[in-house]
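What follows is a single chain, given as structure tokens, in the form predicted alone.
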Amino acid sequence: MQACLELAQIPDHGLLPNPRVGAIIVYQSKIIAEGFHRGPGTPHAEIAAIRNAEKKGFRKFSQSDLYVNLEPCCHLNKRTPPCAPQLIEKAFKNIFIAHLDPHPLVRGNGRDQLRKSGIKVSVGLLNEAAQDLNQAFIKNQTRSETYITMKLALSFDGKMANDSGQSQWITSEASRSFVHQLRNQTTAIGVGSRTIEIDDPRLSIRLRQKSEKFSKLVIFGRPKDLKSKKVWKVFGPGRIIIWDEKIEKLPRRLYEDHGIYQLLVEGGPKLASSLLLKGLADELHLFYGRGFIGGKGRFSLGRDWTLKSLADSVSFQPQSAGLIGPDLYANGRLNVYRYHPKNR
């Protein structure tokens, strides 16, 4: 199952609204074929593994086991045929699933179809690790809300700019290149109107292979002279969303009204502080560089917070940390989403 999770992570672009899935076919304790999902409209991992096995001339599926990190689908309203009937046709001996699909049209139905056909199905192998891999997908399907990630570039004394507002560049070219990879894995990017006015960023993706799903820009507030800014040329009027409502409505409205499955926020300290304080940021990507800027900290994260004690602080524990060029990078989740149906 660990190998399935590794296969699922191969695509370097976003797959949403689809999950990341890997599958492996095992015959007599040997791996016969592997497969992974490449994106909407492409074969699911199980089908990719079957096709790879058949290309090798393999036909003994009824004597084989299938490992997959997500329950095989069984619904019809999508671009590819359901997987469960095709697995039943191959009559696998055993199928091992890490966790059930939280999609409202699946949720155990795929497993039940497989079991009714006589296939032995086991659920729960590396369950939490598999769910960690698809946090955005699980939030989308269980809460009908956008998964919000946030990227912050900070000096080592917590400044996002010096007191005059200069922020280019706190981090190195290596970190900025990594941010383009993060953009390629999301479905929309969010930024404050002040950033648009002062920095005039393009917010494009400088990669050879770009995700087709990166399509929208959310601007918090109404920047002046938007049509003269670089983002207007990059995104155009049909793909720019102006957000001037209460921030608490953000996850549900972006998902239901705009079809945004994951939002990467690259806003300044005011926007970042608001999302953090209200618990709306699900995941953080922190980049520390430049050294120590000093000053009064006009552009410090959380500058306007009035927390009475340390117990009121926003809790954050990185899951990973390391160096990107000369910068320190840390990544971790603030919110964790689980799908644990009672009946397995």
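A residue's number is simply how far along the shown sequence it sits, counting from 1. From a predicted model like this one, the values you see are computed outputs, not experimental measurements.
Although it is not shown, the form predicted in complex with a small molecule is what the next lines describe.
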Even though the small molecule is not shown here, does P19 get within 4.5 Å of it in the predicted complex, heavy atoms only? yes
Does the small molecule get within 4.5 angstroms of any non-hydrogen atom of D282 in the predicted complex? no
Indicate whether the small molecule has at least one heavy atom within 4.5 Å of a heavy atom of Q131 in the predicted complex. no
K227 versus the small molecule, in the predicted complex: is there a non-hydrogen atom within 4.5 Å? no
Checked L114, I196, C73, A161 for heavy atoms within 4.5 Å of the small molecule in the predicted complex; positive is C73
Answer key, the small molecule contact in the predicted complex at 4.5 Å (heavy atoms) among K139, K151, H99, H103: the residue is H103
Can you pick the stretch from 296-304, 24-32, 310-318, 63-71 whose heavy atoms fall within 4.5 Å of the small molecule in the predicted complex? 63-71
